[in-house]
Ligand SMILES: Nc1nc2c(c(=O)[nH]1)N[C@H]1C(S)=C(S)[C@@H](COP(=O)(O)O)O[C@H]1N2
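Here you get one chain, nothing else, as structure tokens; it is the form predicted on its own.
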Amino acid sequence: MSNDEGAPVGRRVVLGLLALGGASVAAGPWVSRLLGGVAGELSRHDPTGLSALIPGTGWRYYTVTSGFPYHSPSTYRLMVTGNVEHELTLTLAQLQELPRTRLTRDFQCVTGWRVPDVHWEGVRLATLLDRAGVQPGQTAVRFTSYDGTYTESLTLAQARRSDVLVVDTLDGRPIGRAHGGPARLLVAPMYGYKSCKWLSSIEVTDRLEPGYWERFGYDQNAWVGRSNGRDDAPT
């Protein structure tokens, strides 16, 4: 597996895939099996290669812009802003000097595919929020991608969970460009669209704002366990 290979999938294609995957999640496992069964036949008649993106096994690389953005590890900066006592601007090296956390979790996309037992490593989001000092009365956190388009959001309580990280390492290797590096968000108990790639800023706010996909009707609280029956949805 290469972190940096694969053609980007644009917003319109992703919207179609999300609709297809959402239908498979709602209708049950037999739809996923059907999709998997037709994938091979479609791939023999699909010069675009998009049939390879039907839910199955292995990573899929999605982008809502025209390509994969890029910051080198040396130029990358992560900002913690908003209603905090001390705004932070961290280089990748400074981020990596903070206390580290390792998690092994499945990565589940809302379109239906899952990669099991992924080894993630990074810094708990709660650690960054504590370093910045959240002001009283704040209720939410907004995340912005350096692709210039993508955003996501969590409640402050969700953001402080021990399984919500800013990660820079995937399966023992630095996170590459296609996976959202040099650093991305991981919201382990939620569907992948909550885990903002190419993370640029973390903003503490006094109200919850819908993220990119929520504006297209997707759930704000995207607990995996509510639909696939394999993970427990947090209470």
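Here the structure is a predicted model, which is why all the values come from computation and not from measurement. Start at 1 with the first residue shown and count on from there.
The same protein has a further form, the form predicted together with this ligand, not shown here; the description that follows concerns it.
You can rule out all but one of 86-94, 144-152, 158-166, 123-131: in the model of the complex, only 144-152 has residues with a heavy atom within 4.5 Å of this ligand. Looking at S195, you'd find a heavy atom of it within 4.5 angstroms of this ligand in the model of the complex. At a distance threshold of 4.5 angstroms between non-hydrogen atoms, W59 is in contact with this ligand in the model of the complex. This ligand is not shown here, but in the model of the complex it comes within 4.5 Å of a heavy atom of A178.
At least one heavy atom of T63 is located within 4.5 Å of this ligand in the model of the complex.
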